[in-house]
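Take a look at this single chain in structure tokens; it is the form predicted alone.
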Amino acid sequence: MKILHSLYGLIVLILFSLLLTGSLAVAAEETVCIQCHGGLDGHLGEPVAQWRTSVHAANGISCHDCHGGDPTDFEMAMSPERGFIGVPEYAGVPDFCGRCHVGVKEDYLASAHGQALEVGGPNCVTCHENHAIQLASIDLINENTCSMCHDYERAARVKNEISSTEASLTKLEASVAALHRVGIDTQRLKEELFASRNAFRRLFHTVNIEKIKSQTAQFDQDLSETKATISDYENRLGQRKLIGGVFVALLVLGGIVALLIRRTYQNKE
């Protein structure tokens, strides 16, 4: 299962890199989309203000990455000839977002949410919003949002099942970041955790309690292996610090002894 997580993570990384590269080719703040809509009032200008606060904006993903078109030409910005696809219909949102979020789309469409899409079931925007999209977290599972469609009890059970693993992921990511700051090569660990987090987030969208229970146990097992690797790094780092501290202490002690010897000779003279 860990291999599958890594493959999925690699695919997501590649897609994200391609998308990010394309976005950075035309700086988001310089696109004609931002320049035009940013100066408008009402519903035509709101998306820009909302987008500026989003995780998309933070990662250089701009209007044309989702809606298509030419972000360098005012006249052709919304031309189908330049790839403009506009705004999807309600039922078309999963396909629209699924161009990047491939795995999540698959799990969502197979879920009770996805199967109810044609009769008004929730789509991506219902939980994540459209332009003010924030970094996903389990806080998206909350009574206010979930109770718009049904009783919160089932959603609360889902959140309860995933909260421990989610906390473990967050703690391990912080540990890896700390190791990186002291100069340890953590690229492989970062890739493993990135893959695990993406695969784990896919699991949320199934909204299937039994599936979540069974697969969460496997995620916990995979994370225990990653935790062991991180602990090994931390132990070795601790040993290095201890050895370094002893070495410094010996140098200081040697300096003190040398100073005392020097003073002793000076007094004799």
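All residue numbers refer to positions in the sequence shown, first residue = 1. These numbers were taken from a predicted model, which means no experiment stands behind them. Whichever C-alpha set is largest while still superposing within 1.5 Å between the two forms counts as the rigid core.
We do not show the form predicted in complex with heme C, though everything after this point is about it.
Undergrad: Within a 4.5 Å heavy atom cut-off, is residue 182 in contact with heme C in the predicted complex?
TA: No.
Undergrad: Residue-level question: is residue 227 within 4.5 Å of heme C in the predicted complex, judged on heavy atoms?
TA: Outside the cut-off, so no.
Undergrad: Test of understanding: in the predicted complex, would residue 43 fall inside 4.5 Å of heme C by heavy atoms?
TA: Within the cut-off, so yes.
Undergrad: Can you work out whether residue 190 and heme C are in contact in the predicted complex, taking contact to mean some heavy atom pair no more than 4.5 Å apart?
TA: Because no heavy atom of residue 190 falls inside 4.5 Å of heme C in the predicted complex, the answer is no.
Undergrad: Spell it out for me: taking heme C in the predicted complex, does every residue among 167, 213 and 217 have a heavy atom no farther than 4.5 Å from it?
TA: Heavy-atom distance to heme C in the predicted complex: none of the three under 4.5 Å.
Undergrad: Do any residues of 131-155 have a non-hydrogen atom within 4.5 angstroms of heme C in the predicted complex? If so, which ones, in sequence order?
TA: 131, 133, 134, 135, 136, 137, 138, 140, 141, 145, 146, 148, 149, 150, 154, 155, in sequence order.
Undergrad: Rigid core fitted, is the C-alpha displacement of residue 146 between this form and the one not shown 2 Å or more?
TA: No, its C-alpha moves less than 2 Å.
Undergrad: Is residue 51 among the residues whose Cα moves by 2 Å or more between this form and the one not shown after superposition of the rigid core?
TA: It does not reach a 2 Å shift.
Undergrad: Quick check: residue 204 between this form and the one not shown - does its CA shift reach 2 Å or more after fitting the rigid core?
TA: Moves: no, less than 2 Å.
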